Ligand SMILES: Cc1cc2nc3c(=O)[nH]c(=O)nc-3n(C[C@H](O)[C@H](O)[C@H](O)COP(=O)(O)OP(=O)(O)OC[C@H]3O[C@@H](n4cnc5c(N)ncnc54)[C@H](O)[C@@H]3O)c2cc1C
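First, one chain by itself in structure tokens, the form predicted alone.
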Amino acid sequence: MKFAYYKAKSLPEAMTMLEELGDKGKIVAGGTDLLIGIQHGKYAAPEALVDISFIDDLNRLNVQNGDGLAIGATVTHGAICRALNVLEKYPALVEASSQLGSPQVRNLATVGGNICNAAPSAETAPALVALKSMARIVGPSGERQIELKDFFLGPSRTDLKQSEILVGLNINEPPQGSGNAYFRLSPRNALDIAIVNVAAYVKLNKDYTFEDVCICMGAVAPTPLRATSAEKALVGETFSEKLMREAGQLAKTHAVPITDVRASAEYRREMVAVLTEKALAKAYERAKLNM
């Protein structure tokens, strides 16, 4: 496995390198997905790698009261886990990042890499979609933003065009009376990808009925999947265990999982219902504390 290596020191420099290399170059930051993918034949070996991990502007994690959370593409999952101000308002993201690989992997693996790898089981994708994240993309035509839910096109496929770079993610500050949570199931407690993962965001009215709900599931479809029928069924309703079970059953109807060595499709569908109940209940509990 041989390729040229270029260290970009600025975003314009990285874009120039990518434009010159065309489809012969690939971006690398932590490398925990890309290099293993190349080694195992998941990706075609590029002629060159452009390392963006030395670009300071992409390695910033900013939490601003009123302005929300800005995550640079090369911020590591370890940095997310250590950020107490992120845990306070975005616990679903911390819960997701904290379950990605080992501590050594989390200190190398980047949030942008996890998203751009676009694996159906990507650990942080459901949490970031449930939190209604916006992806910031820079390319030859300038900067654009899209909702993260629209960024994923299929396994290992994203909306990134030739020479474009995902530079970060923006999340609005969760309002008062809201809460979010993330749960996953894997064959082992650590160091394994999820069989199913689910994140939920809820916003409550003053009478504790659901005003807004977002549920996102992973590892049960080619891309992170919103459980829209479950979301709609909860709006205007009051929390109850029965209602959570019904929401879980509705979420299950959206899932289109595969059977593989880790789990059968039917088991995954059943676990969607279970994890949706748990994520909604935890998000609701946190929302009440935030009233």
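We number the residues from 1 along the sequence you see. These numbers were taken from a predicted model, which means no experiment stands behind them.
Although it is not shown, the form predicted together with this ligand is what the next lines describe.
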Give a yes/no on whether A48 approaches this ligand to within 4.5 Å in the model of the complex, heavy atoms considered.
no
Mark E143 yes when one of its heavy atoms lies within 4.5 Å of a heavy atom of this ligand in the model of the complex, and no otherwise.
no
When the contact criterion is heavy atoms within 4.5 Å, does L69 count as touching this ligand in the model of the complex?
no
Against this ligand in the model of the complex, would D159 count as a contact residue? Criterion: heavy atoms within 4.5 Å.
no
Any chance all of V28, L34 and N114 sit within 4.5 Å of this ligand in the model of the complex, going by non-hydrogen atoms?
yes
Only one of G177, G78, G139, G101 has a non-hydrogen atom within 4.5 angstroms of this ligand in the model of the complex; which is it?
G101
Consider the chain as shown here, without its partner, and state which of A221, I193, C214, M134 has a heavy atom within 4.5 Å of this ligand in the model of the complex.
I193
Please determine, with the chain shown alone, which of 198 to 206, 85 to 93, 169 to 177, 70 to 78 has non-hydrogen atoms within 4.5 Å of this ligand in the model of the complex.
70 to 78
Residues in 103 to 126 that come within 4.5 Å of this ligand in the model of the complex by at least one heavy atom, in order, are V105, L108, A109, T110, G112, G113, N114, C116, N117, S121, A122, E123
